[in-house]
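Next up: the same protein chain in two forms, each one alone, written as structure tokens (structure 1, then structure 2).
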Structure 1
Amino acid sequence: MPQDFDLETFLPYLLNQAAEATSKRFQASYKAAYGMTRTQWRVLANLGKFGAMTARDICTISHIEKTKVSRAVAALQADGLLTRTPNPQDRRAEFLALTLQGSAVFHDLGQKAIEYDLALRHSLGPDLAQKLDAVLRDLIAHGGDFIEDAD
């Protein structure tokens, strides 16, 4: 009967703390300068990286829920950072693309993100940082696949 559970060694807890700690600072970049949400920043970053695509594509690529994407897209459009173009082949869907202004924001924030990421990795050391990448990707891919009852 192990009664010695310790939150401080619980992997999901540690991951959450680390994610919050590292995200918090960078959040200031897009929140203060552009009044953007994390979801908005991610949608922008995906469009900036991959070019025009539909909301559904963004969902698939980024694993963000469609509700969040929908609202983020509406907000980004309202701010003039992206445009929607109907797809004549499928009138349910719309192609999303960054405006010139949206691209400018993407380049500005992307630049800051790269610098921040480098600083973080620098503090960890190169090989550790690289291993961390692999481990995190592994957890992202398989982190929810163990316990078979739920869902």
Structure 2
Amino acid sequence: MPQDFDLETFLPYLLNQAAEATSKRFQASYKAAYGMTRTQWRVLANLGKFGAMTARDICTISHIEKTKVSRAVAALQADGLLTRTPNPQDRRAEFLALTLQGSAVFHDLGQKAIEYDLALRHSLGPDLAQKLDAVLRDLIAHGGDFIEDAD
């Protein structure tokens, strides 16, 4: 007997809702301090963590649409937070890198992110935070591989 679909019990939906709920408070922090959008923060954070890379690399790593990354890159460049350098092997691509000012912003927001993460983990409690961390890492590592046949 088929069941009626309930979006609110659909695990991918719940994961998305949890991500949105836990990111919103931190989003207020970087928006207030630097006027950044979520995509701008994610581009800045990836460049801060991994160093110079192309916009395509950022899209791949962070699962963000190309047009959103392009807009974020343009805004970050206009604010003096990143530079673009032509790729000598592929003239269609540019290497993006943080400026000194961009690195300082990344460091500042990185400290705020650490504080936010610690507060979130504290509110969950150490056992639940550790279990949740492990489950999320498993989902990321295996994705849909847990499912034998979705059809």
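What we label the rigid core is the largest C-alpha set whose atoms superpose within 1.5 Å from one form to the other. Numbering for residues begins at 1 and runs along the sequence of structure 1. Predicted model, so just to flag it, every value in this text is computed and none were measured.
- The chain appears twice here, and it is structure 2 that represents the form predicted alone.
- The chain behaves as two rigid parts between the two structures; the smaller one is rotated by 19° relative to the larger (C-alpha superposition).
- Taking the core as reference, the Cα of T22 moves 2.5 angstrom between the two structures.
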